[in-house]
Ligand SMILES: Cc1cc2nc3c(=O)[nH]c(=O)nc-3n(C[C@H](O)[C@H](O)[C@H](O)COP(=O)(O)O)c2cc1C
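Just the one chain here, the form predicted on its own, laid out as structure tokens.
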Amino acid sequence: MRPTAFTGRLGVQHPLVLAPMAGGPSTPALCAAVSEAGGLGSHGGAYLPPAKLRDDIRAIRAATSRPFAINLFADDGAAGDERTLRAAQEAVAGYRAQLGLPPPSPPAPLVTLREAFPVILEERVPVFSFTFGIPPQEMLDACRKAGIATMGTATTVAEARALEQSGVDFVCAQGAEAGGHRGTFDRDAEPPLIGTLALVPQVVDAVRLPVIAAGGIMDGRGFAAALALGASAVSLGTAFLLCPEAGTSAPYRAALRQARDDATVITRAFSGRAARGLSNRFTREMSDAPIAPYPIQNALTREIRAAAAKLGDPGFLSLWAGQAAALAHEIPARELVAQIVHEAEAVISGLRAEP
């Protein structure tokens, strides 16, 4: 496969990025395996205390000498008013009782970007990626000074232009098909659901930066299509959820094996932020319930999700997955990277005109 602006800038073999999947699926082993296979491994560090984040970065470095990315959230969220919080607590109280959990106590705050970012600098990670907006300019300037490449997520052309103006090195264009949290900057707005096929070429035309295509890409066919649209690389997350290196729980894996093309929904029920995942009992029953803003809702549902995972019950899990989840394969990450690249090369070769 020919080099791209992405591979040239980072010195990786393949224009393939492992999407960060914080909250369980992301593991140092998965990140390192993708980097060792010639792609850019990514690790979702958004929920990790600084000490754990540092340990994970060092574990990745112990397993690979190749470039990798650490992803954090650029938005720390909002506290919400007391009335909203009380209504959200009441909405989940019944589920807590069903799972044998005590009534909810005031949720503990999540790690903020300012608490986690110093670890990125101190450990001098090769790539700092982020979503939910743009970090403060001084953080991006510090990365540039330290030689750390930066990558931001855009769900619209306007967001991509804002990222370019901030001085980032790469823009990840996240199409509507993507699993997990929508990267939309405005936490309160309904996320624009622009498909990958429509979004990527518009972002490519709007900015001068290398663009990474994300959303619904699971194999070499999607890989080749994204490159044809002008992307310099592709980002895949759902494709790696069934790999043995992923931290995907057993009930999560079982649900993925039964996924269909129409199985996903956009929900705020688990975290307060819009995210795409497999529909289940919690997403259905909470569709009209009071929801606290991110990250309060995430804290309110954390123990529910943990208890459900222990019981093997997918009905209360945040089963983040993209619209093409049915195409996932249960093979080691290194083999999956090689398979996807081989498929893409075959597709590209097959599309070339006969002499």
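Start at 1 with the first residue shown and count on from there. Here the structure is a predicted model, which means the values were calculated and not measured.
The protein also exists as the form predicted together with the ligand; that form is not presented, and the subsequent description refers to it.
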*asked:* Does any part of residue 117 reach within 4.5 Å of the ligand in the predicted complex? Heavy atoms only, please.
replied: no
*Mark residue 180 yes when one of its heavy atoms lies within 4.5 Å of a heavy atom of the ligand in the predicted complex, and no otherwise.*
yes
*Hey, in the predicted complex, is residue 21 touching the ligand, heavy atoms inside 4.5 Å?*
yes
_Interface membership of residue 200, the ligand in the predicted complex, 4.5 Å heavy atom rule_ = no
*Mind checking whether each of 69, 133 and 150 has a heavy atom within 4.5 Å of the ligand in the predicted complex?*
no
_210, 191, 216, 77 - the one with a heavy atom within 4.5 Å of the ligand in the predicted complex_ = 216
*Going by heavy atoms within 4.5 Å, which of 69 to 77, 135 to 143, 93 to 101, 265 to 273 lines up against the ligand in the predicted complex?*
69 to 77
*Neighbours of the ligand in the predicted complex among 232 to 259 [non-hydrogen atom within 4.5 angstroms]*: 235, 236, 237, 238, 241, 252
